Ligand code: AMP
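We begin with a single chain expressed as structure tokens, specifically the form predicted on its own.
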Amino acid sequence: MADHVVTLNAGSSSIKFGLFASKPNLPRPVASGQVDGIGADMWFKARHAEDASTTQRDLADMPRGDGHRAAIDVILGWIERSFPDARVAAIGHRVVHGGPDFAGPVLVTPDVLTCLGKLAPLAPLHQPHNLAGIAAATEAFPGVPQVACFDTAFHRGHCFVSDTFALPRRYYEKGIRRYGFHGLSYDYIARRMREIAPLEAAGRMVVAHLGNGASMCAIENGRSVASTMGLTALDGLPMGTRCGQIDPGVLLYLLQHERLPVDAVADLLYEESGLLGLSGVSQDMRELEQSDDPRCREAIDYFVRRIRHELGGFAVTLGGIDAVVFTAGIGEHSALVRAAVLDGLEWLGVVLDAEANARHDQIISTPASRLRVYVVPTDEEAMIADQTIDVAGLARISAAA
């Protein structure tokens, strides 16, 4: 039986999974899918990578007790039936927050889980569910190595001024600092760009991970230099429902004068703001682009303005930019957003190829553009699988196998 790795990305109401075979470079995807509706009426969906065939199953009749454990049982059961020759040799988990102590993937131990649990207040929408997925997988597959792969790890090499807030230094020592997120995506893009455009990958890149969660990263020679996100995944760009950058005085006003409870402020910032809050219509960029409501256009304009603001700042941080890379759902699929971000940036060296942009080509700048612009799909699951293979010490089989 050949060694395979399962990747799990556990959220509050869903678990995404991937099955990967070990290969010399990035692992080969075998299957992927997810369970939706955890805690309610669950659905299972899966797709074979080789022939694109799909499987769907209504799980509404399943008990709603331990939803994550039930979902993982469904996932692993389907893998065992569909790929009987695939031995699950390790399971890799996306963990959003690694704090100051985890600068790379690690084998999960009780001590590691204790440390990660203490970070839950810094990623309340993600961390508890990530850890619930680890607990359920450990129970379902005792003895199989579980590996935690962190969204913050890629940014842990930042210098002090990129990591700190202008607070008394004792808070920095306590771990109140800028961590950055989407690191698995940025790590994948940095590696992928070494294959696509090695000269630019060895230089200065700005990667825009634009999706329901959105951030940007300045990368120099494959290493993160700065990120738009901070202590939590609220900072920086506006997102689907998250506010992004905000004057801290607004929060004081809401607490002191509006008399909002702390939980209500948290819900406002995490669930009611961003594109949804600005438009009053939707958090989905596709719906905003298709709407005639002027508030939708204003929401897009604000999103674009913040991206342009951060792009200009990163140009200064890096001392110039050799490439811009758009990735994730909006970055990969919204020609309108990409064109609006790059409009008028000839001073930065950008000459957009409008037709290539409309086709979603890999390169959307013209040959005359001094700064090259790319559209590159990300693959966080492949990075989780790759890191898991290394940490678990699995053998990498030959490319021909």
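As the structure is a computational prediction, the values presented were derived from the model and not from experiment. Numbers follow the displayed sequence, beginning with 1.
Unshown form predicted together with ligand AMP; subsequent notes refer to it.
Which residue, 123, 321, 330, 108, is the contact with ligand AMP in the predicted complex, using a 4.5 Å heavy atom cutoff? None of the other options qualify; the answer is 330.
285, 307, 193, 96: which sits within 4.5 Å of ligand AMP in the predicted complex by any heavy atom? That would be 285.
Is there a non-hydrogen atom of residue 365 within 4.5 angstroms of a non-hydrogen atom of ligand AMP in the predicted complex? Contact with ligand AMP, no.
Is there a heavy atom of residue 232 no more than 4.5 Å from a heavy atom of ligand AMP in the predicted complex? No, residue 232 stays farther than 4.5 Å from ligand AMP in the predicted complex.
Flag residue 211 as yes or no: does it have a non-hydrogen atom within 4.5 angstroms of any non-hydrogen atom of ligand AMP in the predicted complex? Taking the distances in the predicted complex, the answer for residue 211 is yes, it comes within 4.5 Å of ligand AMP.
4.5 angstroms heavy atom contact with ligand AMP in the predicted complex for residue 101: No, residue 101 stays farther than 4.5 Å from ligand AMP in the predicted complex.
Just one stretch in 348-356, 365-373, 333-341, 49-57 has heavy atoms within 4.5 Å of ligand AMP in the predicted complex, so which one is it? Result of the contact check: 333-341.
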